[in-house]
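Heads up, the chain below is alone and in the form predicted on its own; it's given as structure tokens.
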Amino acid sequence: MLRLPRFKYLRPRSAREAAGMAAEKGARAMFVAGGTDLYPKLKRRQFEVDTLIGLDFLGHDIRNGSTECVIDAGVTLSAASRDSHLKGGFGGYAEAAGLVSSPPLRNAGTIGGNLCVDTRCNYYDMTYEWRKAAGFCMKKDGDICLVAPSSPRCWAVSSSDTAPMAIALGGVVTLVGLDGERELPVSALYRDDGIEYMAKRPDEVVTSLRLRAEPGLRSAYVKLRRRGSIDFPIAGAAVAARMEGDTIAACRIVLSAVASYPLDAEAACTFLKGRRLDRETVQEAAELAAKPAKPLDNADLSHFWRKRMVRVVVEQALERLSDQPGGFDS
């Protein structure tokens, strides 16, 4: 049985206080909300910290307005997936939240935690003994990437389901640090680096996510994984489009689990603008979306097969848009 290491648990009363604690403790401390990903990694000795800073103070509300929806970072994934306003106005985000892990873990995991979830790799997400026997990787204790030994960087993949969907919907997060509060587009929250994957400062706390409603907005998320529950994505597609009648006025497609950050499929979106969602258009857009995806041998199943399946999940997501009010032009 793997056991948690001993650590101090601090309970700040506000985001500003939590930021101060994090700044004081430095690399020896980490934030924890639901802990559904953090605690297993602590058991596997993937992080070496002696202090956890609890985020119990985070709000648990979803505030629905006529033009936007603000979701507190402490809202559980299960609550977000069931919220009627999110399901009606931002269906893709509710879908993504409902596909994270399994029902028990969605009851504990938070939307803020899933936005900040660590990158994953087959050579990294193992016990300490396994990693020692195989040879430590660059992400923890080693100096080379075992997926691409000649590469100077880590290629661990982004594993969040909700981040790609929040980006596709143009989401904005609120961050609180020692210097005060600031807003940042979710798309600017990530770096293309398996180790330094977050662009926010280590002492900053994500306190909320804001999604803005637009007329004619449709969204969908499709996740590929070996099993129907528990598993992290091995390929996924988040799609949001603003429709004018049966024509796409604007859209965004963001891929999950095929890069170290949520990957924008910009060429596909450029192609779709001004077009109707007929079958031929969907298939061509899916081909364009799959081109920038470069899965490596660092997640479940063959990376060659995952590359082919990117096209499929994008196609399925676009077809789900077509199933929403307006219908599919076949």
Partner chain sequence: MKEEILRDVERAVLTLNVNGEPAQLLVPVHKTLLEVLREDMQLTGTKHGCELGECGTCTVLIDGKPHLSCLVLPIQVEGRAITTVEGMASGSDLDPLQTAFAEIGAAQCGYCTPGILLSARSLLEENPRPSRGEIKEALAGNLCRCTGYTKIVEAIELAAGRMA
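Residue numbers count along the first chain shown, from 1. Quick caveat: nothing in here was measured; it's all calculated off a predicted structure.
Just so it is clear, the following notes concern the form predicted in complex with the partner chain, a form of the same protein that is not shown.
Proximity of T36 to the partner chain in the model of the complex: non-hydrogen atoms within 4.5 Å are present.
The partner chain in the model of the complex is approached by I230, whose closest heavy atom lies within 4.5 angstroms of it. Mapping the unseen interface onto this chain, P40 counts among the residues with a heavy atom inside 4.5 Å of the partner chain in the model of the complex. Taking the partner from the other structure, the partner chain in the model of the complex has no heavy atom within 4.5 Å of any heavy atom of H85. Although the partner is absent from the chain shown here, Y9, M21 and P104 each have a heavy atom within 4.5 Å of the partner chain in the model of the complex. The stretch from 286-294, 27-35, 301-309, 268-276 that comes within 4.5 Å of the partner chain in the model of the complex, counting heavy atoms only, is 27-35. Just one of D61, E280, D56, E48 comes within 4.5 Å of the partner chain in the model of the complex, counting any heavy atom, and that one is D56. Counting a residue when any of its non-hydrogen atoms is within 4.5 Å of the partner chain in the model of the complex, the hits in 1-17 run M1, L2, R3, L4, P5, R6, F7, K8, Y9, L10, R11, R13, E17.
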